[in-house]
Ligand SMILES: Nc1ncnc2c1ncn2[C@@H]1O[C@H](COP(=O)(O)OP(=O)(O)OP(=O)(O)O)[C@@H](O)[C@H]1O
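There is one chain below, alone, in structure tokens, taken in the form predicted alone.
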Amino acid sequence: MKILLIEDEKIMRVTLQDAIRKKGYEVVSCETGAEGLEQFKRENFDVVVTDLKLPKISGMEVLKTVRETNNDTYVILMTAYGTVNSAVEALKIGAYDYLTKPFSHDELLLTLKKIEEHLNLVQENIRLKKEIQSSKIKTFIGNSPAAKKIFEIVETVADSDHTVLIQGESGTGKEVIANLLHYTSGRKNQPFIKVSCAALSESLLESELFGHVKGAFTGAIKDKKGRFERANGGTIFLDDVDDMPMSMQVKLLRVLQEKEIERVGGSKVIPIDVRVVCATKVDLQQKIKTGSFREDLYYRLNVIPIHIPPLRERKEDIPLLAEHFVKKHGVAKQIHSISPEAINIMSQYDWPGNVRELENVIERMIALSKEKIIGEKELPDYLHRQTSRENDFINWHYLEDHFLPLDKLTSRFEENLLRWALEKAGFNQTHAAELLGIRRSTLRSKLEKYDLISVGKQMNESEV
């Protein structure tokens, strides 16, 4: 704590300075009010201790100047008995305390100690507020080109009031991006209100968004503010906007155009200042084609589009995400890392549930682990099976999308294998049979079965 001492009596000034310094505080002493104010302009002080009666510039003038210059600086006045009324007046205009001369050094040091404790409390509150603020900012993790592009867009548009439409599959992190847009904007100290359009019925959604007046419907026993009103000055996040009923789409369009709302059952127009961020899990243009989403609303929402690719399209982000979730969920068990082998297996999986599924797997691995580093043995069985498939010569993804009965699948495979062997052997049936590890007569019968004898006509005359 840094203290400025202003006292015109030399002996008192020196003794107070020594007492303050012995207590571990940094102190600068001055003889006059003018000198003190000059020093105050040059340096930052936590506390100013000044005599009330000073030549030319009084302690009261020092107090007023300090309060006008830096409202966070504490001022302690020293006053003689006859000027106590003036000291009381000083308290009214912002002095922290006054000491009546003569006073002991301990009285001053005790007052300084109280100020120090208060300053420490203020700093702790500031630190905690910053921690709370930073904890609200959910981080979008990634170093892929797609992630970098998203970061660039967020950084560019965060401080604007343009409507943002975030598109991505379930679990890709659309809410995280909405969160990031709000808490890195100038609206970060204002409300951030979230609404799931899929979770509420049409009637409930209207009341939730716009509020209602008493008696608007059965159960409306008092006036209620809607989410738009509660978000005033801040941001509203409309998740799953693709599930919004057509009747509500009309009303949302009006809000975006007019920047005002009316509560359900009410007639009063309420102006609002809200930044709108929406998210959709489907392509809204396809919904426009089917007539289930308004085209005019789409263009109002899609001012700033942000597309979040599925995790299978940015697999280079999987190691970063995995490490992030290990640090996030592994604290209680002191688990701080994940093995390269586990990362390798995870990177081969397509993650249909995207980042949400990855986080759930990491949580499960941490719960099952007895080591300080989680590894492949904690991975779910289906990830191991998937890895085995990836190393197989069969395209299992294609097979799942084009599945046939077993007899048709095996027949198709055998026919393609015969064609491959003939081509590999230069259409020499003897060599093709050797390649397949079967008799030439067996090969011949299989070629007849699949009507592939015509292929054999391309072979050498000696083999016909």
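These figures come from a predicted structure and were not determined experimentally. Numbers for residues come from their place in the sequence shown, where the first is 1.
Keep in mind that the form predicted in complex with this ligand is missing from the display, and what follows is about it.
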item	value
Candidate from I193, L379, L165, L321 lying within 4.5 Å of this ligand in the predicted complex - any heavy atom	L321
The unique member of K174, R187, H212, R227 whose heavy atoms fall within 4.5 Å of this ligand in the predicted complex	K174
E206 within 4.5 Å of this ligand in the predicted complex, heavy atoms	no
Partner proximity in the predicted complex: V355 to this ligand, non-hydrogen atom cutoff 4.5 Å	yes
Any non-hydrogen atom of K281 within 4.5 angstroms of this ligand in the predicted complex	yes
Distance check, Y74 to this ligand in the predicted complex, heavy atom within 4.5 Å	no
Output flag, T139, S170 and F325 jointly within 4.5 Å of this ligand in the predicted complex, heavy atom basis	yes
Segment that reaches this ligand in the predicted complex - one of 341-349, 267-275, 140-148, 283-291, heavy atoms within 4.5 Å	140-148
Members of 222-245 lying within 4.5 angstroms of this ligand, judged by heavy atom, in the predicted complex	D239
